[in-house]
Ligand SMILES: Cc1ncc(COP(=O)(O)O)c(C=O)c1O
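Consider the single chain below, provided in structure tokens and representing the form predicted on its own.
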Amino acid sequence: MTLQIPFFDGRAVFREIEDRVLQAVQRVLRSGQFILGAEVLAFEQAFATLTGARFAIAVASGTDALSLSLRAAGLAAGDRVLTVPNTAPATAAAIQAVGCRPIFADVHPDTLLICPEHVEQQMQAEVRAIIPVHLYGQPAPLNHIIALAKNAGAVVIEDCSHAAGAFDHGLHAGRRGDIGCFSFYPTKPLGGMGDGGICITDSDHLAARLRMLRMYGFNEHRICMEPGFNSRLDELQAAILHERLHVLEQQQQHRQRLAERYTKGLQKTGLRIPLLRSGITHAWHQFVVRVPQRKQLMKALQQMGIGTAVHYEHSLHLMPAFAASNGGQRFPQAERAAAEVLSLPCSRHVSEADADQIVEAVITCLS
């Protein structure tokens, strides 16, 4: 069996809405307005409607969304911010970008989402903010975490980089905490054709601070009231993302069908397949299995023309950039996951027939 199924195909993403994207780009170019104009405002309003949030504030990247949110919530240099070690380095880098100290809590072995019991243990240190990560598109369990944060006077900033289109008991990801942060990196469920991000919140105060901080700390008179950033989503990306937003639900339903095919087909292979929390609508940014012989399976699938990826191969607490923050503390569930996780193709360019062939290929490789 020889297939040609890449892990991600950016050209296919563009082709699906090519005409609409080109029209949007022309519209922006002809307007002569390229920064914080009508396209950004329209996209912010549409994203707020999607998520049910009162406010949506577009920024230059998902990483900036996290950094600005920490600043908007009043965190300062040296403050401890708790997150998970099995996420992209961007989560911890955003914490460090505002001078805060990233510390970690381990994850649940079945879902790989933040473990509330371990959060409670880590809260013995003074924690000013908690950043749960909705890993792979599945909302993390937040009830206990929000209660712990409230008791400690800490804020909850949700890392929703994987979770556009995900819901927790009918509430969109990012709505449970103080601020929800999304990334529009091209591979994300709602991906642009470049970098981009957005923050959602129901707080007038936080929304006003986010708008001020994303543009130098300007007030309405363009006076810098405090040190700010240059973090603005440009008009071109906003226009493109608005067009992508129109097909988000359709694409999410397609990824759901792929995930169902993978789950059914791989049940008896011995692979550890994703466990879904009750009441959750998963965005399926990634379909991630766990296999101890990951390198061998990746190589075998590559030889059959099937692309795979690893999200994520290295736990953050073991990276030199972040290790000093945790004093040598280990997180066994995250470390084990890092050695075993394998992402199968789960994007719009993968057909249901492709998914069936990938299942057959995995079974062949494991037999």
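Note that this is a predicted model, so its numbers are computed, not measured. Start at 1 with the first residue shown and count on from there.
Form predicted together with this ligand: not shown, discussed below.
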{"query": "Any non-hydrogen atom of K188 within 4.5 angstroms of this ligand in the predicted bound form", "finding": "yes"}
{"query": "Partner contact for A90 in the predicted bound form: this ligand, 4.5 angstroms, heavy atom", "finding": "yes"}
{"query": "Proximity of T51 to this ligand in the predicted bound form, heavy atoms at 4.5 Å", "finding": "no"}
{"query": "S61 within 4.5 Å of this ligand in the predicted bound form, heavy atoms", "finding": "yes"}
{"query": "In the predicted bound form, segment of 333 to 341, 61 to 69, 27 to 35, 295 to 303 with a heavy atom within 4.5 Å of this ligand", "finding": "61 to 69"}
{"query": "Single option in L112, V133, L236, L213 placed near this ligand in the predicted bound form, where near means a heavy atom within 4.5 Å", "finding": "V133"}
{"query": "In the predicted bound form, the one of G137, P85, G180, G196 near this ligand [non-hydrogen atom within 4.5 angstroms]", "finding": "G196"}
{"query": "Partner contacts in the predicted bound form for 132 to 164 (non-hydrogen atom within 4.5 angstroms of this ligand)", "finding": "V133, D159, S161, H162"}
